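Encoded as structure tokens, the following chain is the form predicted on its own, with no partner shown.
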Amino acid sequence: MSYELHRPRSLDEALALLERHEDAHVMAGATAMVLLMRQGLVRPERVVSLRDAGMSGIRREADGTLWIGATTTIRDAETSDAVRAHCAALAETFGRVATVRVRCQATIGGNLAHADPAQDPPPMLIAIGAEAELARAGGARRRIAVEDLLVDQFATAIDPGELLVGVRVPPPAPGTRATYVKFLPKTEDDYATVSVAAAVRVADGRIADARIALGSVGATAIRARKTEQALRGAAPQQIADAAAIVRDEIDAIDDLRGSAAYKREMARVWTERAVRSLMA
């Protein structure tokens, strides 16, 4: 397969290329793109590689927000002291992605832009209220919640000419605890039958606030808003009833990792386990 390859040396150069060639495929770590190309599912005529565009890095901003550049590798995010200090569960989630070899190549932005509903980071980023920052030529930028960025399987709200340039993670509210759990059918690097990310704020022995997101149970990572509402104000003995609501919030289908009915039940089980672990 032959295609025209562009290797911009800055973000501005990359955005200018996308403005001229809106049909170009963008490539970061290329772990997903190369696989799709080998399978014949993607046949690009023009590819823009972001490897040298200066879009990596992790920093804490003045307001306490954690910024992760789009081409930062998942491995760098996993091992970052800044990420772990901000939210240990986020660093641990990055460490659950595939294998070390993949994590050393795959990028944060590429993971989100690929929009695979079975990926690990999106549910965790949704649960902790992260936003994606998008840019286009001319300096225009916009932010969008990660849950709104993912619109369908392998489809996002990124417009033609836009680039995902980074992820912004707000500082957690005092008393917030987070976790990411997943039920694996085979090996640690396999896709999950169901995954659950939970962020819970505990006060006076009850759940003051909760955000719950699930992966591998629909066309995108799914935020379980009705379950969240049921969990708010709940005492430990009420968690099971609240977690049961999640079965009706997901859009599971039958596949090699389980039937839709099995996934709904596993969603209930693992949501309850995740929340209980945070209340312990």
Partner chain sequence: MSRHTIRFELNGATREVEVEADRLLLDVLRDETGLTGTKEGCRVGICGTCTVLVDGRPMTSCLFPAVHADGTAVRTIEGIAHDRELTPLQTAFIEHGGFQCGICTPGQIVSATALLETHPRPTDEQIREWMMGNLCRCTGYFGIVRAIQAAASA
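All values reported here derive from a predicted model rather than from experimental measurement. Numbering follows the first chain given and starts at 1.
Keep in mind the form predicted in complex with the partner chain is missing from the figure; the text below concerns it.
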- prompt: Just one of R232, R59, R51, R43 has a heavy atom within 4.5 Å of the partner chain in the predicted bound form. Which one?
  reply: R51
- line: Residue within 4.5 Å of the partner chain in the predicted bound form by heavy atom, from G129, P171, G161, G95, is G95
task: Run the contact test on V146, K226 and R247 with a 4.5 Å heavy atom cut-off to the partner chain in the predicted bound form and return yes or no.
output: no
task: Determine whether any heavy atom of L35 comes within 4.5 Å of a heavy atom of the partner chain in the predicted bound form, and answer yes or no.
output: yes
message: Just checking whether A85 would be counted as a contact of the partner chain in the predicted bound form - the rule being heavy atoms within 4.5 angstroms.
response: no
- request: Using a 4.5 Å heavy atom cut-off, state whether T99 contacts the partner chain in the predicted bound form.
  value: yes
message: I'd like to know whether D189 contacts the partner chain in the predicted bound form, with contact meaning heavy atoms within 4.5 angstroms.
response: yes
task: Spot the stretch among 26-34, 62-70, 217-225, 248-256 with residues whose non-hydrogen atoms come within 4.5 Å of the partner chain in the predicted bound form.
output: 26-34
query: Who in 208-229 is close to the partner chain in the predicted bound form, meaning a heavy atom within 4.5 Å?
result: none
